[in-house]
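Same chain, two forms, each on its own as structure tokens: structure 1, then structure 2.
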Structure 1
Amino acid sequence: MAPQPIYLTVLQHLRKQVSQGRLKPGSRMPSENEIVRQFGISRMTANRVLSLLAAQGVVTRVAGVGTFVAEPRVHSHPLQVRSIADEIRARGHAHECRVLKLETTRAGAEWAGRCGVPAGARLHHSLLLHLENGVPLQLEDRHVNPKLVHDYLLHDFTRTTPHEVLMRAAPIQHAEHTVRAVFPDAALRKLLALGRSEACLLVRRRTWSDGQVVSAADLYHAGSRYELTGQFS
């Protein structure tokens, strides 16, 4: 079934207890020795689980006292998880989506790493081009973990957005973004209708649900037509 390390199994089990509210902030986590007895593992492995949870900010550990569920962290969201379609419609412009690819693939090394699945595992893959008033704005290259969203490919993405589909299937609890400037290759330049001297803004987004990566996406934007903004006080 799931040939995964013991410590991961235990870790996900405890994470779920916390995320589902059965273990509330400030309450006591099972101690290392309790985990040893409960799961029949060695103390080193139990220690690994709790130390990892501490490193992830899920729990707080106090030597001589115990391990406790951390208070939910205050988050100022630098980059909101918002679909490009919403942004376009919020501007009162017309959004259009062209489906370039829709398939199930085997994960190569890179996408396997980003999606947290073994190389060779199946991944749903969609390649969508979003247009604002008929002008290409974003190329969305997305991989989705089929174990979490099995029917991902069955949707009509000209009418709904991946964002909506994912939110229904697996509520996003955590997101990670990295933003970089890249030099477009010929194919990308053509798809996004880029000028000769135009760079490309790449937003890489990963979203998690219950500690597992739901989806990883590369969002390419025309440098001259798209920018991220943020306020902070």
Structure 2
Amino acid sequence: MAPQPIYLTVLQHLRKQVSQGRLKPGSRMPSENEIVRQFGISRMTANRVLSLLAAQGVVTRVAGVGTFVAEPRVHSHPLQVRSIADEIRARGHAHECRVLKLETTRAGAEWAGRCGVPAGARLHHSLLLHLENGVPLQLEDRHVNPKLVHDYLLHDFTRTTPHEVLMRAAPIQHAEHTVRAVFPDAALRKLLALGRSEACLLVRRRTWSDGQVVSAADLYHAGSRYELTGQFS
């Protein structure tokens, strides 16, 4: 039999270190230079190994920071409307929210259609980055009908969540989810600390109360750190 390619030997060795708990979730992986020295391979081969481990969800590569053993992948049910903060806290982890935008805007054609309002109508807009144990997990781009939730922009979303505000003001009676994979642009890749070849999982959500659209949101997730699972009957 032909000998196994060297990159596969190194890949299997590192995967075994993770599976046996010698490299624990959240710990730093050997760098490219360390792998080169340890195994006597080229830097290109070392980069290939780490890229494959990232594609397999074994590690997370954070640009400018390093490569880390991935936490067990986060699961969410596709038919549940639940706060990302609640999901994170239910795992016993720390949730943090960074407010990137909080503004009143005029609805363009796309958001007007999704929110059920005329083009040019006023909408509340929030852009929030949610982190789990300091690692970016979700970018939440949300538009809210101000006629239904007039005080939306007055809330401190580092202390509460849009989900909690909306549930108090206009309890959900109906919801719609669309799920797709998207390739992030440079800005989104930077916010979610994604590798160059890593995709995003996008959940497009709309919620209704009393027959009117309350909120429409694009929820972008790091593809290697989040997935939707569910059982149906």
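Counting starts at 1 and follows the sequence of structure 1. The model shown is predicted, which means the values in this text are computed figures rather than measured ones. C-alpha atoms forming the largest set that superposes within 1.5 Å between two forms make up the rigid core.
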*Have a look at both and say which one is the form predicted together with the DNA.*
1
*2 Å or more on the CA of L191 between structure 1 and structure 2, with the rigid core superposed, yes or no?*
no
*Any CA movement of 2 Å or more for V179 between structure 1 and structure 2, core superposed?*
no
_Core fit, then C200 C-alpha moves 2 Å or more between structure 1 and structure 2_ = no
_Shift in Å of the T60 Cα between structure 1 and structure 2 [rigid core superposition]_ = 51.9
